[in-house]
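Each of two forms of one protein chain follows alone as structure tokens, named structure 1 and structure 2.
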Structure 1
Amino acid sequence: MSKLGLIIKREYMTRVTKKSFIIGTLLAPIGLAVYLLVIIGLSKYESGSELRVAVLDEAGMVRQLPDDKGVRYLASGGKTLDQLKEEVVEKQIDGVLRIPPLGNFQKKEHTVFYYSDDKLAPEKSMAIERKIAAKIRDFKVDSLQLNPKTLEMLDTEISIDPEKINGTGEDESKYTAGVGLAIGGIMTFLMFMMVLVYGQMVMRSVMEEKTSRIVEVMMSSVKPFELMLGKILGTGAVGLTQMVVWVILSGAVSFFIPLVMGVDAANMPTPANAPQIDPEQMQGEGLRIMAELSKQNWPLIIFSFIIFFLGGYFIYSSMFAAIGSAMGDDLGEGQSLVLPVTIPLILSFYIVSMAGWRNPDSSLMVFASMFPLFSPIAMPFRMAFNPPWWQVTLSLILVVLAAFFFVWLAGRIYRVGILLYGKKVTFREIGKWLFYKG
């Protein structure tokens, strides 16, 4: 095996056989699954105990309100407001809801009063408002002697379906943008995390080699550049391994979660007045999203994701390696050296999360997806929105060229820094190293 091969093998094997790596790789998708389950569970969770509210319906508009969302509506039973307030003070009930007469039907707003010394939770407040609004609507329909069926016909839901005039692009539906955002967002986040985590892993590993003084021993067998490149390649291979495992596992998880949750949902008692969604329509929506997902050019997206990952990873990890070599033992002291490397990375993530979702084709996003320090984060986000092919190609070429350049640059710094001890290093000094002869 070549020296580079031996180095890559060692860097790879020591990492993938670490307990923390195995646990992290296996647990992350399971953690994600647990997280999703908790989120879904929480959305069904009703906060606080049941609220007992007496309804003082002064105009007889709402009559009996059905209980829901942890609110129980009690009839006033002919008691006056003062009597009811007394009951609140005596803790027989939690509050009194006074609904004054509506008066003019043209009025768009109406205020009802809630008497209690306890704060009304926003969730319950909203549930009560919704309920009363619905009841008053029914009351108005009744009083005006309108036909509810006719009224329903007035409601029309509108969705925009973008259609291309020129070009042969796939027909887009109203789900295209949403699905694109989701795919782009996930890829951007994954890319950002992977580049940051694995880049810093390279940096720490370089620092460890320097502080443990193994590097001097290594240098008498291999060239500094070989050691650095082997480390970057070996660690990058670990990152790819982790991603592949995650893709497979999350595929499995996303297959099983709906099964689990589906059973769960069927057993849930459906609130009587919850907005009724046509099960057929829901299925239709799911199918349409699935259709939208399958419309994406997955081979291209995955291919470019991997290239951009490798490009971004090479650019940033080589810079991290250079910084690690210059840094020595003290991570705190080296923080000022790390910052210039992390800033463009964070900036690119910031640009995508602020500007990307508004318009993936804005000039800022186009610039970000071309500039090699940003493009590994920005371009994968745009990939789900069918960017012009020449932009993708140019961006790929630029990122690959930049990766070579930065690895070369890092090598120049690394070969000097790695053998230098006990000296506080400045950027000025690092600049000088670039011009040292071999």
Structure 2
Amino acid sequence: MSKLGLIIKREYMTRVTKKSFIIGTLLAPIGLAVYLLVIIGLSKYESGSELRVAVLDEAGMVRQLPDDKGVRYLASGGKTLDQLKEEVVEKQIDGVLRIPPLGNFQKKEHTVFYYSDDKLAPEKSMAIERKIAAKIRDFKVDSLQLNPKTLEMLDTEISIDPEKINGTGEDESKYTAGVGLAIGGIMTFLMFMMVLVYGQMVMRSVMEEKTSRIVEVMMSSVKPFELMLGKILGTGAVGLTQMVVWVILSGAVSFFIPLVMGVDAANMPTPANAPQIDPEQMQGEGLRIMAELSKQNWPLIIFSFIIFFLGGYFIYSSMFAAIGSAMGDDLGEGQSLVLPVTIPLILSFYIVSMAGWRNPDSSLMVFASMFPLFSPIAMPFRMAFNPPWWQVTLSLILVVLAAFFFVWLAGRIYRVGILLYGKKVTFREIGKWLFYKG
């Protein structure tokens, strides 16, 4: 086996056999399980005790309010406001809700008053507001002798269905943009997290070997560039192994949690006054979304995702490796070297988050998908929107060339910095290393 292969094998086996790696890899899905259990528990949790509210309807607009989740509405029974307040003081009821006359039907805002010394929880306050607003609307409709069914006919939902003019290619649907945004968003987030986490993993690995002086022994039989490249490839393999294990275990956890908890998605609790969803309509929507997903060019998307991930990983992990080799024992001072490396990665993520969601084909997004430091994040987002083939090809070529360039550049820095101790390194000093001979 070549020296490079030995380095990759050593880097991989050393890390995947560590107890910390095994425990961390197994605990992540357990953490996901705990998170899902907490979410399910919170969805079933009913906050606080039942709130007893006396309704003083001065104009007879709402009449009797039906009880809501956590709120019980009581009729005033002809009592005055002062009498009801006294009942609140005596803890017979929790509060008094006074609804004054509406006055002018043209008013769009109406204030009601809640009397109690205890604070009204935001959830219950919003529930009461929605309930009274619906009742006052019904009161206006009855008072103006309007037909509710006629009013419902005035509401119209509009959806844009794109159609091609020249007839070439497959027509888009109203789900195309939403599906593209979902696919692009998921790919962008995965790319950002994987490149950032695995790149920093390479930097920590370099720093560990430098501070422990192990690298001095290894450099006696291996060239610095081979050592750096083997570390990048080995650490990347460690990260991919961890990701595969997480995906498998997380899928298993997500499958078994509903079985263990007995959770039925159809019977999950819904917010108060939430619109009822027609099961047949939901099924139809799901089928149309699945049809839109099947129309995506998945082989090209997956192939491009892999190439851009490898390109982005080599670009940033090589820079992280170079920074790790230049760092000394004082990690606080070395953090100033990390910031310029992470800024392009974070900036590309913000460009996609801010500009990409509004228009994936804007000039800023086109530039970001071409620029090698941004393209590993930006172009996978645009892939779901079928960008011109020449842009994809050019972006792939540029990111591959940039990966080779940054690996070579990092190798020039690594060969000097890895054996340098006891000196605070600046970017000016790193720039000089690039031109050292040998």
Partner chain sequence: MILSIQNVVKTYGNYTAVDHVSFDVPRGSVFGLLGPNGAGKTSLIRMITTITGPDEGAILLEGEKLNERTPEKIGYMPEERGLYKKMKVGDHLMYLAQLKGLSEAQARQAIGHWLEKFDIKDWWPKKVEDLSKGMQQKIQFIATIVHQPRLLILDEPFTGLDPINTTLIKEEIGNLNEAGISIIFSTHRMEQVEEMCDHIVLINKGRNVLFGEVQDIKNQYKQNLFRVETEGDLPAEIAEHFPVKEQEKGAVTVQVEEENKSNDLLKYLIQKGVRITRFEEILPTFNEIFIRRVAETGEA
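Here, residue number means position along structure 1's sequence, counting from 1. Just so it is clear, the structure is predicted and the values come from calculations on it, not from any experiment. In this text, rigid core is short for the largest set of C-alphas that superpose within 1.5 Å between two forms.
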item	value
Of structures 1 and 2, the one that is the form predicted in complex with the partner chain	1
Core fit, then Arg15 C-alpha moves 2 Å or more between structure 1 and structure 2	yes
Core superposition between structure 1 and structure 2, C-alpha change of Gly60 at least 2 Å	yes
CA of Lys231, rigid core aligned, shift of 2 Å or more between structure 1 and structure 2	no
Angstrom shift of the Cα atom of Thr241 between structure 1 and structure 2 (superposition on rigid core)	3.5
Core superposition result - C-alpha of Gly78, shift between structure 1 and structure 2, Å	5.7
